[in-house]
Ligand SMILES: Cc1cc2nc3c(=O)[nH]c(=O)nc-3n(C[C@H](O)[C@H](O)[C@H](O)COP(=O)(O)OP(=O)(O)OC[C@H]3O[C@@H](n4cnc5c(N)ncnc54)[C@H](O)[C@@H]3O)c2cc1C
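The chain below stands alone and is given as structure tokens, in the form predicted alone.
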């Protein structure tokens, strides 16, 4: 058989992409060379943006119920608190700033959702061993315990991780930097009274001259990262008998059990191109960053969200195949931003020149007294939604003081239905369908919108009300103004005085038809 889409890799990115495509009416074959979800906590920190995607996919509730919700981080220098930050200081959002959740739980909930969708064919112990590109499809040779077989697909999406086999099959490689400093990750099970916050230390008293990180996970499991330096022997450092004294010095006791231990080096690398004829790369298969800042898994989920609606439109015949070029542009720029932020964090956390060490010492010393220096302390800038400089965006024709600009992601806000029932804007967007949506700040007669655009009207006499005024504030939404949202919730265009022809033109551009 020839399939519309074959996804290789059933991690969080591949599973989420498969669900998104299936919910958009596309049939998907999902392959993984393992026979179960992954071992070890691995990625644990999932952002508000990722949770909004998972909410549309029907799994966010389980993630939040199981996960540890947090928004406050603290930075220490030695034993002293330098400063703390709040990642979501305002109310009126459905999703929290972050949750901590072991990756195996996230994958388990996503697999459960996959099994509810008949358009997804999930195949374990199916390993891609060969690839051939044809004019209008790709051909995969699959190895299984029962022998080899062939799959043909209009498009293949490689979500097969940092050691991607498909990357080698298309003759591509990573470019970027591998940092020499090594870090120990230990997930330990214990009962502790630490708050549910992100704690990061420079030169802690229990691990002099290095850095440390502490995070809470579900089931009384705690993630601990300890910097080891470039000369550490990884094989020796990961032995439990050598890890235990380090953790005991940090905690002041040794009443804990190990769940998972690993030693790693930072890598900030990406493929030069994410599109290789009929093969598309996403997640760690396309780009890698250091774990400080939680940018790896979250940026991979943004890849999946960006790609799903574009592939679905192309396969339905609603957009030209050239729309895929915007995936490479948008997610390539996002990868560059993440690599830049991750590299800066790495250079501050693990300086590898005398000048970088002197700069860090000066910043940490100043931060104890001066607020401007606190902003320079970098213990890992946390993941935020990408803002695209995109060919799909329509440049503003009118003046806007604030509000999400074209290329930025929609902001959530609390609303009410006409009957007074509470509803969040992200929920109303999801319920409007899986296509383009016009958000209108109602002012009398409704705007005429194209038949293929859903319409959400918000105002005193509209189907949705903004009693708290947060929609008007966050969107700079004077009566009569409107936002055109793409199927992934990004702003395609905004109008002070929306006219049908202007909306049509913005739709054509955002669909790759302009």
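Please read these numbers as outputs of a predicted model, since none were measured by experiment. Numbering follows the first chain given and starts at 1.
The same protein has a further form, the form predicted in complex with this ligand, not shown here; the description that follows concerns it.
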This ligand in the predicted bound form has a heavy atom of only one listed residue within 4.5 Å, and of 194, 104, 264, 149 that residue is 264
Residue within 4.5 Å of this ligand in the predicted bound form by heavy atom, from 185, 377, 323, 228, is 185
Verify the flagged residues 4, 315 and 509 against this ligand in the predicted bound form: is each one within 4.5 Å by a non-hydrogen atom?
-> no
TL;DR on 484-492, 30-38, 61-69, 455-463: the one with heavy atoms within 4.5 Å of this ligand in the predicted bound form is 30-38
Non-hydrogen atom contact residue 438 with this ligand in the predicted bound form at 4.5 angstroms: no
### Message
Can you work out whether residue 310 and this ligand are in contact in the predicted bound form, taking contact to mean some heavy atom pair no more than 4.5 Å apart?
### Response
no
**Prompt:** Can you check whether residue 477 is within 4.5 Å of this ligand in the predicted bound form, heavy atom basis?
**Reply:** no
**Message:** Whether residue 10 contacts this ligand in the predicted bound form should be assessed with a 4.5 Å heavy atom distance threshold; does it?
**Reply:** yes
Taking this ligand in the predicted bound form and a 4.5 Å non-hydrogen atom cutoff, the residues of 100-132 making contact are 103, 107, 126, 127, 128
